[in-house]
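Encoded as structure tokens, the following chain is the form predicted on its own, with no partner shown.
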Amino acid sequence: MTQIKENSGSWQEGMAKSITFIVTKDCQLACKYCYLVGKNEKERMPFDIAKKAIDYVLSNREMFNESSVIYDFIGGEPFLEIELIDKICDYLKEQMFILNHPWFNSYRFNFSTNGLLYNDPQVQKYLHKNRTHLSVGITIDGTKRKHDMNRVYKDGHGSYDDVVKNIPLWLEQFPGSGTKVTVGSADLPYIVESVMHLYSLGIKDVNINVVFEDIWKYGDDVLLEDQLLQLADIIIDKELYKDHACSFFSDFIGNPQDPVLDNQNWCGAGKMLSIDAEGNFYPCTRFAKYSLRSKPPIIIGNIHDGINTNLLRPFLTLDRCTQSTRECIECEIASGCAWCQGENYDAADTPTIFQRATAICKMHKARVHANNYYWSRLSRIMEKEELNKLRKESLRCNI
């Protein structure tokens, strides 16, 4: 099987506009932690809607002036609509070429998939057709026990066996790709075994995070810290840190943040653009109706009238301080404490985007404790290795 490689010629990672097509709200799975509360089998994006959205975006260079672009296709499960996606991508490539658009050859098609249809002939045909401009991530939550606790079919049975069989092909085509793991309250005890299992499958980059929603129980932070301390020891003792990664451990988290110098918004809502099956524009997918539990959607325009910049303006003023409590602003371990703008809005007391949800506060603190342990222990090992290296060099010089 031919390896699928991304084109890096003119791609500019840090200067890309993210444009999301919600091609379907259907999915084969009914994951228990899924934030998409309004999934259904009926709402599918017509090609004409996608075409008009593309025409609007590509003809408004002043508004969409980034050097590169990520075209993100989501659902539900995007590969359920592979024929539609293929047609959309063909039109995008054609129009970028005709318009001599700066994004031509500086774009990426991005997918996060449940993996069930990865080996489907139509999906594989699409992947090879667009192989130089692709990013594909398959979500697998860890061991069969952990995965099947949450990532279940609509009848309740687990999907692990149907996903894991496609991992070898995916890694062959996209070597070095990482997976996205979500952790809730019930599966906290299985973090260690799951990360190690994913490593054993050949996945070297595990992007893992706890859910943002307010589902945490008393003592969950203690369980998380204990799991991460165990994981830290295993990664260090087995020297997995040399060629594996786990996002729970990062050298930039757990520090105070300056209200002026470190006042960026964590989330990219407002700088992104999401388009639904009716042609409505959203500042992020999390503000679409099917993503919200208790709030009305926030629509910032549509394919007929374009983007209403007055509706977009509040999102462009968001930063850490405008939406955080004083406790969060002055927190001594604030760095790396993430938030989702859509969850902020959905969980707020009023329909505002300026109230930060803090359900993960205690979980972030537990992560920081374990993270400090990990880097402290690792730095001592590194210092010892460097000292031994210097000693060996010194001995050679004296021989």
Partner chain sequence: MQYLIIILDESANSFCYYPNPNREAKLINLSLLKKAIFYAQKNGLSINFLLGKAKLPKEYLKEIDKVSHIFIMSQNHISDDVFDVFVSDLTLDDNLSETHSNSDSNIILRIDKSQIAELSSKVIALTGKFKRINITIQNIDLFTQKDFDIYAQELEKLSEVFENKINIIGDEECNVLSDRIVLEKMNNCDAGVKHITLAPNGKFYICPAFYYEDDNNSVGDLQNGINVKNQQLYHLSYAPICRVCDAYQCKRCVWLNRKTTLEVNTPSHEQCVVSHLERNTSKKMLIKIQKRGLQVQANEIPDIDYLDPFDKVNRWK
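Predicted, not measured: the structure shown is a model, and the values here were computed from it. Positions refer to the first chain, counted from 1.
As for the form predicted in complex with its partner chain, it is not shown, yet the points below apply to it.
- Contact check for residue 180: no non-hydrogen atom falls within 4.5 Å of its partner chain in the predicted complex.
- Contact between residue 38 and its partner chain in the predicted complex is not found at the 4.5 Å heavy atom cutoff.
- Contact check for residue 172: every heavy atom lies farther than 4.5 Å from its partner chain in the predicted complex.
- Put simply, residue 310 is close to its partner chain in the predicted complex: some heavy atom of it is within 4.5 Å.
- Judged against its partner chain in the predicted complex with a 4.5 angstroms heavy atom cut-off, the residues 207, 212 and 336 are out of contact without exception.
- Only one of 28, 355, 67, 59 lies close to its partner chain in the predicted complex, with a heavy atom inside 4.5 Å, and it is 355.
- Only one of the listed residues (93, 271, 145, 157) places a non-hydrogen atom within 4.5 angstroms of its partner chain in the predicted complex, and that residue is 271.
- Stretch-level contact check against its partner chain in the predicted complex with heavy atoms at 4.5 Å: of 43-51, 345-353, 364-372, 28-36, the positive one is 345-353.
- With contact defined as any non-hydrogen atom lying within 4.5 angstroms of its partner chain in the predicted complex, the stretch 27-55 contains no contacting residue.
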